[in-house]
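In structure tokens, one chain follows: the form predicted alone.
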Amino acid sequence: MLGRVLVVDDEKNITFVVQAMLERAGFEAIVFNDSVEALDALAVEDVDAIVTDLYMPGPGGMEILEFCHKNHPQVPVVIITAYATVESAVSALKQGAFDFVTKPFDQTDLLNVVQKAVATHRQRQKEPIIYFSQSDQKGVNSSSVSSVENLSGSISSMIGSSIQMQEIFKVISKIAHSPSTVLVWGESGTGKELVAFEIHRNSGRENKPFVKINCAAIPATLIESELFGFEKGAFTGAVASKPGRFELAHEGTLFLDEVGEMPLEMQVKLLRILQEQEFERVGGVHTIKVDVRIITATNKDLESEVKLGRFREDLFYRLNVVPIYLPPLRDRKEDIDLLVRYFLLQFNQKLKKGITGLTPETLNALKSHSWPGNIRQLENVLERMILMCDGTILTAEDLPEEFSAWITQKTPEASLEPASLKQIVRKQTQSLERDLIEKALEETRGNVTRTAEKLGLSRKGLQLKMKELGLKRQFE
């Protein structure tokens, strides 16, 4: 016997045909024309798959699917219906249906789906699955997980159960309502902007503007007018007056990202406004006073930049009133479980997918990775995996190419011939190269020329290496 399949449809001719088809193929078919009886049978019967009609008197296919997910989460459910619509198909798959077949169905197609469903169930029995349900979203966002301790009666957008993150949440809770300047520092992709937003959102300024500007993304010749605005006629092209970011953030919060990239001449002007809370527009003569909370962020060690003469010491001390260090993901891997759960729920909704969990092997692979791009890289990897996954469970086969060295190391028996030392070294080297290039691309925001300089390569050499490793410019 290839497996036991429970079939439920209120039309007897349908169950007769499906039963005959399954038994000819070597399956045992347990058939019901009453969905209540089918649910009662599921309480005592062990089956490898379920084939159910979507619309029936009494409980329908969606109710059976919901019952199975609560009581038999490893059993795949295949839904068939004559009244298929895009909406019902998407709804069924989002709720975790294994597949969706429309009447009149081709028997070969239905048999292929059932065979895959049974094989999936048998595989799940061999290896445990970590399941995530829609109700887990409350757990992901609850104060016990991503707590900023319900700072303003709302739920934090940050996630982390590690000691490091819990300490950060406590700091945010203490300083949110103060006017003090905050310096958030850490590697690219660790969530510095999220920290800034949480401070603003949980402060008395939450209903006022949260204005952000990336100092590295604006040419040095334009950053002054971006920050302070300009008057009509101040320079060629200034056909009308324009307020700057400081004016726009009045009574709110201004977030200066990558402040370490700010030119020295602008650092002097930033210092003045921090001290006096006033400035003039470019080409203007009137002094403008503002009430702005300043939060800055950087992926550089500003103390080292001060010693090298690239950042003003007096400005550093003005910005560093409340320093918050965000550790890289590799130093708080206990947070990966929660982040994976959160991103699965988010991308299921965004991509109209029905991923219900992942294998422990897959989670271990994610937790073993170095993540040079931190949370942003993890988010991108999971989106790619969920988008490309054909089933409802993420397995090691869904891992992207950069995990090939890990898979080879963990499952050498999967190859007919053991990998040679040369092959292992090559894969490990490629993995290291990929990590270094991805991190450099993150730090330069996808600028290939600057990345090449950072890595000591020619632009052409870097492009060839990126092509070899299957990397694309994803940041520009």
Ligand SMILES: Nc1ncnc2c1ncn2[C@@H]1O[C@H](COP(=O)(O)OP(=O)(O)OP(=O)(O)O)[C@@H](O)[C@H]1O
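The structure presented is a predicted model; accordingly, all values stated were derived computationally and were not measured. Counting begins at 1, following the sequence as shown.
Although it is not shown, the form predicted together with this ligand is what the next lines describe.
Contact with this ligand in the predicted complex, judged by any heavy atom within 4.5 Å, is made by just one of 120, 362, 188, 225: 188. Interface residue among 210, 403, 316, 343 relative to this ligand in the predicted complex, by the heavy atom within 4.5 Å criterion: 343. Although the partner is absent here, residue 450 is not a contact residue: none of its heavy atoms lies within 4.5 angstroms of this ligand in the predicted complex. None of the heavy atoms of residue 293 is located within 4.5 Å of this ligand in the predicted complex. Within this chain, residue 288 is remote from the site of this ligand in the predicted complex, having no heavy atom within 4.5 Å. Although the partner is absent from this view, residue 299 contacts this ligand in the predicted complex, with a non-hydrogen atom inside 4.5 angstroms. Only one segment in the set 243 to 251, 159 to 167, 95 to 103, 73 to 81 has any non-hydrogen atom within 4.5 angstroms of this ligand in the predicted complex, and it is 159 to 167. Although this ligand is not shown here, in the predicted complex the stretch 247 to 271 places heavy atoms of just one residue, 257, within 4.5 Å of it.
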